[in-house]
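Read the single chain below, which is given as structure tokens and is the form predicted alone.
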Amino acid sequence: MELESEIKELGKRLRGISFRREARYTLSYGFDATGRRGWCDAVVFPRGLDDLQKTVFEARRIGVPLFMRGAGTGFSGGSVPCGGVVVSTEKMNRVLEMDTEARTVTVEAGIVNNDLQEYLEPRGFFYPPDPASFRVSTIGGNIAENAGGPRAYKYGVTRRYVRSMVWIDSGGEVIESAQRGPAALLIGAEGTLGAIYSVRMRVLPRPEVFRTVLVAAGEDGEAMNTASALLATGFTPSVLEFIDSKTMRCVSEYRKLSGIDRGSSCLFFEMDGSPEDVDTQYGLLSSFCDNHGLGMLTARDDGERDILWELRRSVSPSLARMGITKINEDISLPLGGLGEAVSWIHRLASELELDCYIFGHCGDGNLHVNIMTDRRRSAEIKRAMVFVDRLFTRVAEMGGALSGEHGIGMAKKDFLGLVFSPAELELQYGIMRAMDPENIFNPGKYFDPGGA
């Protein structure tokens, strides 16, 4: 759709707000971590609530679509623009209020997850959701995707911590509502229902102690069964991660890790809480590993804990050496089916002659399935697309979800019919039409009627 005259008019009406049309902006804000490239006519940088409200109000009056963007770290194309204007939240990055008695913090949507953690730590608190991109991803983006991360097994995902939001609806009205109200619909809606300005979130007291352990757990599918058997003993870690054997070899070479079997898949655990609770949990883990002949690598101090966490955080960058193009699908499955699923996925990849790596948050059933390839090898890319189609079909058959935390965006919306009935999809589109009748917010993603 040609919007040149509308974009020029919007720029005039937003005088005083940074509104950039140079190619270095429209190109830089036109893609996300998937590498998908869209296009936009301008990028606007609101610095506060008034700027954001004015942007939404004027864009709606003129008929210009808006694409909300945090740090662009998403893996579903959720923030990739399709024309119109990108609204970057990066200038709205302040802590607005800390209430230590209520254990809440109020922040603007553009604050980086890690910056919030650094603000909270000296005050004796922490914010549990910690996606792999926490050093650069924003709280607004985390809310849009309902992000989780390694600590989700014990602490849950973003939705659990939102108490209220200030947001702008499609008519340009400022709304403040509790999480139980309309704001609940914005969590996980991928920027399709409104523009989030700020959020009041629950935070928790920082645990007294931590114990971090890497366990060599044998064959890939077997490792999942080991995790299930371990949890049946009453073991309740704060973190339960899975790294398959291929990924473990890749990470070990990247981080030059010693002291663990590189030919084995691994389970990554962390326990936190009081010294007594952590000692009890560590005792359960140690006894289980001794009884089953499993090798353990335990961090003896904060420095070694940091090393193990850097290993886990290095999984994605280590895979970058294995292919120019990464196809990353974050499926979610019932816990009892994880072992079977991992074995089936590797068999499928072998059948299609694809290089596959699996890791993820197995404590809550969230697996990251990665195909490392090269977009220039067209025949291989076609096989990868067959892999994705068969993977999602299998996930639906097992009662799983297409995404655990990356969202639907552009990448998965054509597969929604595998997991939702036509009536369920129509209900979702009905919500979108009620909240954004003119389809101003992030058109072409998830709730887009064209995806039905």
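Please read these numbers as outputs of a predicted model, since none were measured by experiment. Just count from 1 along the sequence shown to find any residue number.
Below: the form predicted in complex with a small molecule, not depicted.
Participant: Quick check on this chain: which one of F75, F269, Y357, F242 has a heavy atom within 4.5 Å of the small molecule in the model of the complex?
Facilitator: Checking each option against the small molecule in the model of the complex, the one that comes within 4.5 Å is F75.
Participant: Identify which of G365, G84, G149, G339 has a heavy atom within 4.5 Å of the small molecule in the model of the complex; exactly one of them does.
Facilitator: Flagged contact: G149.
Participant: Look at the stretches 183 to 191, 285 to 293, 348 to 356, 217 to 225 and give the one with heavy atoms within 4.5 Å of the small molecule in the model of the complex.
Facilitator: Stretch with heavy atoms near the partner: 183 to 191.
Participant: Is it the case that A71, T138 and H361 all touch the small molecule in the model of the complex, with a non-hydrogen atom of each within 4.5 angstroms?
Facilitator: Yes, each of A71, T138 and H361 comes within 4.5 Å of the small molecule in the model of the complex.
Participant: Within 4.5 Å, heavy atoms only: does P131 come near the small molecule in the model of the complex?
Facilitator: Residue-level check for P131: yes, a contact with the small molecule.
Participant: Might A33 be said to contact the small molecule in the model of the complex, defining contact as any heavy atom within 4.5 Å?
Facilitator: A33: yes, in contact with the small molecule in the model of the complex.
Participant: Though only this chain appears here, would S316 touch the small molecule in the model of the complex if you measure heavy atom gaps against 4.5 Å?
Facilitator: Taking the distances in the model of the complex, the answer for S316 is yes, it comes within 4.5 Å of the small molecule.
Participant: Should H406 be classed as touching the small molecule in the model of the complex when contacts are defined as heavy atoms within 4.5 Å?
Facilitator: Although the small molecule is absent here, H406 would touch it in the model of the complex, with heavy atoms inside 4.5 Å.
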